[in-house]
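Okay, here we've got a single chain as structure tokens, the form predicted alone, with questions on binding and movement later.
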Amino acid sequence: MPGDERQQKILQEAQEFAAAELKPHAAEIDRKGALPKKLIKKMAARKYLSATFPNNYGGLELDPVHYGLFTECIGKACGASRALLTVQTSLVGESILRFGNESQKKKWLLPLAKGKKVGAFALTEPTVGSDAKNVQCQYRKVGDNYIINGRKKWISFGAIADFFVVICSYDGTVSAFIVERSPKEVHTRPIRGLLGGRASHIAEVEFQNAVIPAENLLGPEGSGFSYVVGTALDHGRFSIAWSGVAIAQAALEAMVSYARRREQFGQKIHKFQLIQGILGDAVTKTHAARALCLKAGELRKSQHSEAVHETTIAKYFTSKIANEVASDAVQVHGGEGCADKYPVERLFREAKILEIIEGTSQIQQLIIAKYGLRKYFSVKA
């Protein structure tokens, strides 16, 4: 079967899976604050947790464009399930694929792809967020092993992870390690009371004299920030960019459906011009957001030098659009939009998280501005 036809078939099957297995349970998953293990296993059985991996590592070999559309499909149905994709595939998986040796790939990627192990990417700390290159979690080498001490915070799926890709430093040198969960050396504390990401098993993780064998060093020593973190965040931002499209699309469909059913002053509210204005803006914003993501996907597919910049632009734009469209969806629903009877309340909360994770909107603005200052400078202007 030709590549595009095969990938389109996967997308069609994912849409059917999302409609049957994810969307009907999304609200309950959010309320309970946990993604069921049974659902994780179902996604793994379909190779959804390794969607971009090569076939020999249990993957579906989706190219960036189709992976983006796949992310939108899953994210539109259930934000927590999309978060699982982002962490397992984009952050953990792509980091090991890019920087792991053959032994590491076989040991960690195959169990991840099969759903036998859950991974987490441990970068953010209690006092270190956007300033990621100054991580305080420390490592030192002792004989043939490394010893890690320190704390990480806001780690998605950290509460249930079987292993972690941990970013830590030694005397200003930042490196990455694969660290297995250990009851004596690795302690996790679930973080409750969250605005969004309630079912993403977000946790604080503490490493207490965790002994790491030298073969668990991911990439060369000292490559943790410039290479591993940079690559992981780039893949993560692409996934989050499509997550913004997913939320905007879900919110758009919800407000259109509600506007066509709800009556006020003797007629359906979609007939009011002010409601039509909101709907028109939502359609335009959502289409524009998807177009940016598709462009970024095409550039990533061809390994274009501008791919990273376009991904950053897409992430910045779609996270803003998700917030705007989700907010308008709540407004169209009126009082009903403030209760969990309708999905827009959940979409509104989830949208805000996108402007914070994988680099805040303010960090994206700085990156984009620096890019623009280089690209669009003209001595003749």
Partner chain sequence: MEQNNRIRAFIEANMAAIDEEITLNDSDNIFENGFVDSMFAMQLVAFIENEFAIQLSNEDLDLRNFNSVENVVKFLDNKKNS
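Positions refer to the first chain, counted from 1. Everything numeric in this text was worked out from a predicted model, so none of it was measured.
What comes next is about the form predicted in complex with the partner chain, which is not displayed.
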Which of 202, 137, 308, 259 has a heavy atom within 4.5 Å of the partner chain in the predicted bound form? 308
Using heavy atoms only and a 4.5 Å cut-off, determine which of 154, 146, 227, 163 is in contact with the partner chain in the predicted bound form. 227
Triplet 233, 302 and 374 all within 4.5 Å of the partner chain in the predicted bound form via a heavy atom: yes
Among 70-78, 269-277, 172-180, 92-100, which stretch has residues whose heavy atoms lie within 4.5 Å of the partner chain in the predicted bound form? 92-100
is_contact(residue 133, the partner chain) in the predicted bound form, heavy atom dist at most 4.5 Å: yes
Do residue 129 and the partner chain come within 4.5 Å of each other in the predicted bound form, heavy atoms counted? no
Check residue 9 for me: does it contact the partner chain in the predicted bound form (non-hydrogen atoms, 4.5 angstroms)? no
I'd like to check something about residue 197: if you look in the predicted bound form, is any of its heavy atoms closer than or equal to 4.5 Å to a heavy atom of the partner chain? no
